[in-house]
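Shown next are two forms of a single protein chain, provided one at a time as structure tokens under the names structure 1 and structure 2.
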Structure 1
């Protein structure tokens, strides 16, 4: 496929994925907030079957929201459902995953330095991890473990950690992260499609028939909704991690991902508890401390001068040669790379002045994170990365 067309498809799908994701996660956040802010209603509302209500002001008007214990006496003609946000987020995400990591498996998914896979094998592993992840999760949630949320949560955390480790040892770092995100997204959308929506249909059906709803449906939906609530921040992190190679390209990237899971889960737990009025300020403090500790732990090592040893004499001409040979095929006013036909990220490295101006980016991506050149297409060596690092450490001189 023409790279220009692929880029436009990528942009359109990513845009649609972000929009629908905002709608889905926004609705999830709102309903968790709403449910936790319901107040004890007056008796006349209780007599009508209302278990909680609240008042809000927004957009120049007042809103009165009421939640029924079972359902209204008569089902309204228009009943709003919240499902397509989840479905369209998953669908756009899966098509985007297919376009980038399956159609472009040789470029984005397969890293020969990690595992020398054929395109078919890599795609099969990716699909198996997504489908298998949902099946294992769903089976566990149907067992007695569902009655003990903490134990089930620990088991699920252990399984996602094992999967993360396996995928980082199989795919490119980006591909591994995106597939963990795909597994989580599939679990969340599957919860909506296979459990939450059927429970809501059963509730509506019971109201229409004038019978009590089966309480097991509500319990199952509550469990899956709780899981979705705590998975929102980790999946948002994975969605944006593609832009931050110091995270996904670290030697222990699977552990970094799990550390972020813990930090984001703590943040989400704090806000859920805050909605209920019983927050613990130590929770966000712990999240901040863990986040800082994680950032410190994965910080790249800096070269320390040896006492009495003269600093390496850097030749700007050699710096220019390295960057011309390894970087300018994708970062030039006239790219020569067959896939990236325009300067990626708007970064142009045609002259030494350009290189010096972009020295911090070169340090972050080519020296520290080592994710550039992309998939090391131009075969930059560790010695060349170190030379660029020394040049930058000495002030990125150009003369």
Structure 2
């Protein structure tokens, strides 16, 4: 396919994916909030079967929300469901994943320095992890473990850690992160499709027939929505971390991802508790401290001058040679790379002036996070990275 068309498809899909994701998570945050802010209603409402009510003002009008203990006496003609937000987020995400990582497997999914997979094998592993992840999760939620939320949560956390480790040893760092995100997203959308929606249909059915709803449906749906609540922040972080190589390109990137998981789930936990009025400020404080500790632990090593040793004399000409050899094929006004035919990320590194201007970005990507050159296609050496680092440390002079 023409790379220009692929780029537009990519942009359009990403746009749709982000918008639908905002609608899904926004609605889900809103309903968690609603549930936790219901007030004790006046007697006349209680007589109608209303268990909690709430008043709000928004966008120029007053809203009165009432939650029924069982259901309305008569089914209203129009009932809103909130399910397409979840389905469209999953669908747009899946098409985007396919376009970028499966059609473009050679570029984004397969990193020969990690595992030299064929395109077919890589795609098979990717799809198997997404489908398999859902099946294993779903089976576990149907066992007796479901009665002990904490134990089940810890087992799931252990499994997702193992999967992250396996994928980082199989795919490119980005591909691995994106697949862990896809597994989590599939679990969340699967929960809506296979459990939460059927339980709502059962509820509606029981109201229409005027019978008691089967309570087992409610319990199942509750477990799955609780999981979804705790997964919202980790999944968003994993998705956007794909733009931050200091996170995904770290040697122990699978452990970094799990650290982020814990930090972001703690933050969600705080808000859930806060809505119920029993928040503990120590939880977000712990999350922030853990987050900073994580950032500190994965910080790139800085080249420290050895006492008594004169600093390395840097020749700008050698810097230019290194960058021209290792970077300019993809970062030039006239790219020579056969796949990346325009200056990638808008970064042009033709002249020493260009290089000096981009020094902080060169530091971030080629010296610290080491995810440039892209999958080290041009085979930069560690010594060359260190040389660039020294050049920048000494002020990126060009004469």
Ligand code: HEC
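Under this definition, the rigid core comprises the largest set of C-alpha atoms superposing within 1.5 Å between the forms. Bear in mind the structure is a predicted one, so any value in this text is a computation, not a measurement. Residue numbers count along the first chain shown, from 1.
One chain, two forms displayed separately, with the form predicted alone being the first of them, structure 1. The rigid-core alignment places the CA of residue 70 less than 2 Å apart between structures 1 and 2. Relative to the superposed rigid core, the position of the CA of residue 332 differs between structures 1 and 2 by 2 Å or more.
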